[in-house]
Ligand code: AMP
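There is one chain below, alone, in structure tokens, taken in the form predicted on its own.
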């Protein structure tokens, strides 16, 4: 049974648990504080800090793990990315005080002190630009550093930017874009049974991700309007068209559509004379 390292708390933990459950891998633990659990009887979950997951996977304590791309990069470990799980999106950004006079990276002079929870990424970023800054590692709350003289600039995670604005800071540049990834050791894809199990896991998780934001539409439409119907609901590879018993001039059309445009899709179908329109959610979608 393969071991999958999952974040033990926070938003990443909540969303990872939801994704695995939707993929048919329900988390069954002995209690809310359990450090391990069964994932649908197929895998074993190990609950650890998100920042420790790259080390667990690289050292072989876990066969795969779920954590942020920013933490993978900061770890500096050689790891294989199996899938982008598309949640926990944020960016690692350079920020400065509003009254600092720093509006662009070129305004940061050599010797500038930069506070960050990501010293490895920060050092590599500025070194790659040929800027000799002094990186000041902090354990959290980097936003306070410019206000108490610890540093002039920070490199920190940003989602909406509201925390920066509240603290009198502004973004200068993006260092990297991050989201939650499924990772494994570099040798995992070539390791027989383990590779097959991980391939099945990736397929299951991706099928849930692909289904999000999609709806399945079924409707009886006039046969004579099929060309127009296909333009309204093109589906993944074109709509499925089925003859209806005693349907006469009508045929049944099924297709996957984008949830964000479902209101307009229904209105357009009705305008074409469609009847019996049914819209349902999709749990899994595999190409």
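No experiment lies behind these values; they were computed from the predicted model shown. Residue numbers count along the first chain shown, from 1.
One more form of this protein exists, namely the form predicted together with this ligand; it is left out here, but the text below deals with it.
- Figure note: of the listed segments 200-208, 128-136, 107-115, 86-94, the one touching this ligand in the predicted complex, with heavy atoms no more than 4.5 Å away, is 86-94.
- This ligand in the predicted complex is not approached by residue 172, whose heavy atoms all lie more than 4.5 angstroms from it.
- At least one heavy atom of residue 163 is located within 4.5 Å of this ligand in the predicted complex.
- Mapping the unseen interface onto this chain, residue 102 falls outside it, with no heavy atom inside 4.5 Å of this ligand in the predicted complex.
- Using a 4.5 Å cutoff between non-hydrogen atoms, residue 159 counts as a contact of this ligand in the predicted complex.
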